[in-house]
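What follows is one chain in structure tokens, specifically the form predicted alone.
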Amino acid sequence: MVNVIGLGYIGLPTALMMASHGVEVVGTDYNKELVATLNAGKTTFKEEGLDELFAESLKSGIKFTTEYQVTDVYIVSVPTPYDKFSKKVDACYVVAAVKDVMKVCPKGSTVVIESTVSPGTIEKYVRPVIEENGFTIGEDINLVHAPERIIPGNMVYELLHNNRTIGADDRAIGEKVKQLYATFCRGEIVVTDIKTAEMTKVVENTFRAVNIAFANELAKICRHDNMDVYEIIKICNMHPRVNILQPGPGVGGHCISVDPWFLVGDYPSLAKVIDESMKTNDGMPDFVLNRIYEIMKEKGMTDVSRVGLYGLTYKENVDDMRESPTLQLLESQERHLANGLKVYDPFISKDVVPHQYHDLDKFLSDVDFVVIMVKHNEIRENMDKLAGKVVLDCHNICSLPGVYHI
């Protein structure tokens, strides 16, 4: 049996995928309301294919509880935020989960850390917890790192098809854990040491963050001299060895906007390019806010309440708002002692910010200036409704005449 600890955006799909492929799984989470929802036969967030996977898992006998189980494999998939001051990983949730595992786990069991951590985190924070509880790693307890590699919006497909990395002290143990993941993973599964596994996951997300920052910096340069950044990128990408990404209003989610800071925090004198890249990405919501005020001034607009932000999530077609650029922009507006921007997102049914709408037509009727912060399918399919309005398109998806860009 496998006990999956943490049933959020990563833990739940992982537990469901294993269960639907013949693995006996019990999912554990401290959140009683979340567990009650799952036991009532309902998923806790929106994701393509998740409801179908959930139904298959229920047929296979998956169980959900707030209690840790006595079993031979534990998969820890809890959040790993970073300290915004030190820029270092905050391993408190991982440490707390491992402490609770130590209270029930039998000798010979394997603890797999799926949470993304910076290189050396397991050595510094996890090993001591296990040893303090009287276990000898490698004899009484096996320790493994198998960082997740999926993204909201495409989780089910990526769980099945993405390559995986297994980090272990003992290669034989790594191979055993590899066989567990091979029950569902069709991608290549590489076995290596723990610190290498830690580093590879952080580096993957850092690579993307740095390249996004380059695109965002290009957008700022082009804006300064009134050049078309999208035309420039399109032409440059015709070169066989060039693949510039697209600029945007900021970077959100719990991977690209967070993981690179782990390297900045741990290697402050070395990670200079990464540090500047993250600052560039983090500065984009402020850049968009300034563009809004510039365009308002150009159009002679004075009432900020007639400006609407389309999109609250951090990416298109998901309900995940973690580190959302829109939320960052609203926080920046509040710091400047201003408010009034209207907000709408088809994927967010609860009120989470002031002046939030839950109907597209009502939202559009109450604004004269629309800022496309997220490229949900809904707005792509309703571009005609933006006709006659001032539009700031942060993703270059609107072909209406007179559209502004970042």
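Keep in mind that what you see is a predicted model, and the values were worked out from it rather than measured. Start at 1 with the first residue shown and count on from there.
Keep in mind the form predicted in complex with a small molecule is missing from the figure; the text below concerns it.
The shortest heavy atom separation between Glu198 and the small molecule in the model of the complex exceeds 4.5 Å. The small molecule in the model of the complex comes within 4.5 Å of a heavy atom belonging to Asn205. The small molecule is not shown here, and in the model of the complex it never comes within 4.5 Å of any heavy atom of Val273. Contact annotation for Glu148: at least one heavy atom lies within 4.5 Å of the small molecule in the model of the complex.
Proximity to the small molecule in the model of the complex, taken as a non-hydrogen atom within 4.5 angstroms, holds for one residue of Gly167, Gly311, Pro285, Gly248, which is Gly248. A single residue from the set Lys315, Lys87, Lys176, Arg291 has any heavy atom within 4.5 angstroms of the small molecule in the model of the complex; that residue is Lys315. Contact check for Pro152, Ile212 and Gly252: all three have a heavy atom within 4.5 Å of the small molecule in the model of the complex. Look at 294-302, 233-241, 254-262, 127-135: in the model of the complex, residues with non-hydrogen atoms within 4.5 angstroms of the small molecule sit in 254-262.
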